[in-house]
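A single chain, nothing else alongside it, follows as structure tokens in the form predicted on its own.
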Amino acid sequence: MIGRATLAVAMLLGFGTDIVLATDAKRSGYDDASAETRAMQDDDAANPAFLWVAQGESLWSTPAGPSARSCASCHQDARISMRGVAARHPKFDPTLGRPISLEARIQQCRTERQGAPALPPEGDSILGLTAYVGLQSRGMPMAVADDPPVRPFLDAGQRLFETRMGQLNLSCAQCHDRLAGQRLAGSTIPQAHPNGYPLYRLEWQGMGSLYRRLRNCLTGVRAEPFPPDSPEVVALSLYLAWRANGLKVETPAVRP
């Protein structure tokens, strides 16, 4: 079933209404959230995402696989070794020949370095570990590279961002560029910057990755979701993160 907000966007765009952004400045989703939601994010004791962070902190020091090594075995204190890591991901991986997300990097270390099985996608363990690592960059500006190896993926991500999809024939840009800052169904349409993922979403009553958000958006416009590690998801995630450069990392954020 299509949500009323999605239908309203489709109708608004379909009638050709001339929408102008209120501002060209980058805004985090935090800036558009209610005072109550911002207060929940600001207080670590009230932020429900810290239940996952605590699990991630425990997993950081838990041996896994035949190597019986933990993340801490190689990286020691995450507060030092992981500082700034989340701000630079997705990052180009020369071995893979493509960018890789922080979540995928953690899975890569787990399977290749620890010899352990990958953690279940969207499971509490990988969300917790990613949130714990991301927390170490909180307050730092997003700084995703746009050097030559990355440019083809950035360009592909931008094309996807601007491509109409699904039965509703909507693009990401139509909502999150053209309609950003407008009120719709009582909420402000955000600019869709992923500087707080993984995050706790009140709508979900739980943690989720950026991929979960992308999947929801695609199904909302009646498009077939891309597979989790598809070239489309890699490119679009990279472009969204690069587009957020300069905004502070908020992991783990809270959103409506």
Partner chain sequence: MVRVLINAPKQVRAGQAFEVKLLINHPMESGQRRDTFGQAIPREIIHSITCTLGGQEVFQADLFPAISANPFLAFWAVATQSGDLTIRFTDDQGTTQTDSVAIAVV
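None of the values given here were measured: they were computed from a predicted structure. Positions refer to the first chain, counted from 1.
What follows is about the form predicted together with the partner chain, which we do not show.
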> Of Tyr30, Phe226, Trp60, Phe50, which one comes within 4.5 Å of the partner chain in the predicted bound form, counting heavy atoms only?
Replying inline: Phe50
>> Taking the partner chain in the predicted bound form, would Asp43, Ala46 and Gln205 all count as contacting it (heavy atom within 4.5 Å)?
In response: yes
>> At 4.5 Å between heavy atoms, is Ala54 in contact with the partner chain in the predicted bound form?
In response: yes
> With the partner left out of view, is Tyr200 within 4.5 angstroms of the partner chain in the predicted bound form by any non-hydrogen atom?
Replying inline: yes
> Taking heavy atoms only, is Asp124 within 4.5 angstroms of the partner chain in the predicted bound form?
Replying inline: yes
